[in-house]
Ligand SMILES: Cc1ncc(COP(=O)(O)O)c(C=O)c1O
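One chain follows as structure tokens, the form predicted alone.
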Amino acid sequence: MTAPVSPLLSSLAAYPFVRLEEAKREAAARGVELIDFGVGEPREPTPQLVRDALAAALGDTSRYPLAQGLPELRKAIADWAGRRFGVALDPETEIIPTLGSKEAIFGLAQAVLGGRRLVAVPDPGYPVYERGALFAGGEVVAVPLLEANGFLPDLDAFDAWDRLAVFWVNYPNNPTAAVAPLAFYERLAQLARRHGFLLASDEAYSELWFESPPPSALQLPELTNVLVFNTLSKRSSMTGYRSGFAAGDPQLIAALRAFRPTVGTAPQEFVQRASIAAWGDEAHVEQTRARYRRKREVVGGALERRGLRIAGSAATMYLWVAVPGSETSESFAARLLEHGVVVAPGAYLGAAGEGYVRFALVPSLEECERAAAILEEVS
């Protein structure tokens, strides 16, 4: 008799980027030299002040980190939110550090699903919203993000408010690079209070913008039924550090404080000390934005000269590019792969992503320039 495995785990399709990795391996085996815009993992150097703070915090001994995080880190996050968004968060009751944002996003449904089990997730979008809900026994409804609506969910078309437990939003958006106005958050928060669901806002890309700083759900006049997730992974190129936070409704933060010791996913204390340094410095963030802006100009310019339409590029590290002609997102991505340019098919990120591919501007500027030359020649 074989060992038991969760039927859900067995039934899930391969994580989309596992399929992408397989395609890359096959192309490399054929001798194709790859420039990888496929996965949105920053490759920018982690700032020296962060590395110095981490090294200074390494002691002879270590201890299990507390789930609520260091008070100094909570204060650093509150201070950053005050400078960035003009809000006054209480470090004791409205903020909890997390191990990046992925684990916090995945685990949220386990902490909040009760009588209601329905979770609304953006389509296209980050697969972890859906998977976290499913592993918590939830039911998932995909909410399309359509270009005709500015890649915002059509709130008038949604009709399951009274069955809803969580409504996930992600702006600046992965993969469409769209930004949501504050009025959008205001309306959704009003619906959340009226119908009794949680508005969960993933703001991992809030600091990667090219036109004007995007707003945050933290700027709402009332945070009842609102939770915001953010991370240093993109802002400070600290993906491997796994450091972020959840902030918002004190009742929900209290629930996370009660839940998180069980799963043991607080950042290590030396990472928290490094995070304090990161949240306290904006110079490195401005430099990071400048590097992404230059890469956006190089790759985006080549795409436009080639006659390809960029549907979204206002923020994030992504270009959301319309597929030409009658091609599918996967066939177009496969064609680019044969020329050595790796992109993510929009369909990998959800049914509403068909018709687009995503360029993650993570290669070096030199690689982006080489890719630009290739893109202008691809027929």
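Being a predicted model, the structure only gives us computed values, none of them experimental. Throughout, we count residues from 1 along the sequence that is shown.
Absent from the display: the form predicted together with this ligand. The rest refers to it.
- Residue contact check for R84: none of its heavy atoms lie within 4.5 Å of this ligand in the predicted complex.
- Although the partner is absent from this view, R235 stays clear of this ligand in the predicted complex, with no non-hydrogen atom inside 4.5 angstroms.
- At the 4.5 Å threshold, heavy atoms of G100 reach this ligand in the predicted complex.
- In the predicted complex, this ligand lies within 4.5 Å of some heavy atom of Y205.
- Note on the partner interface in the predicted complex: the residue among N225, S216, N174, Q272 having a heavy atom within 4.5 angstroms of this ligand is N174.
- For the options F167, Y185, F151, Y129, the one in contact with this ligand in the predicted complex, meaning a heavy atom within 4.5 Å, is Y129.
- Not one of Q68, A247 and R257 places a heavy atom within 4.5 Å of this ligand in the predicted complex.
- In short, of 107 to 115, 76 to 84, 197 to 205, 135 to 143 it is 197 to 205 that has heavy atoms within 4.5 Å of this ligand in the predicted complex.
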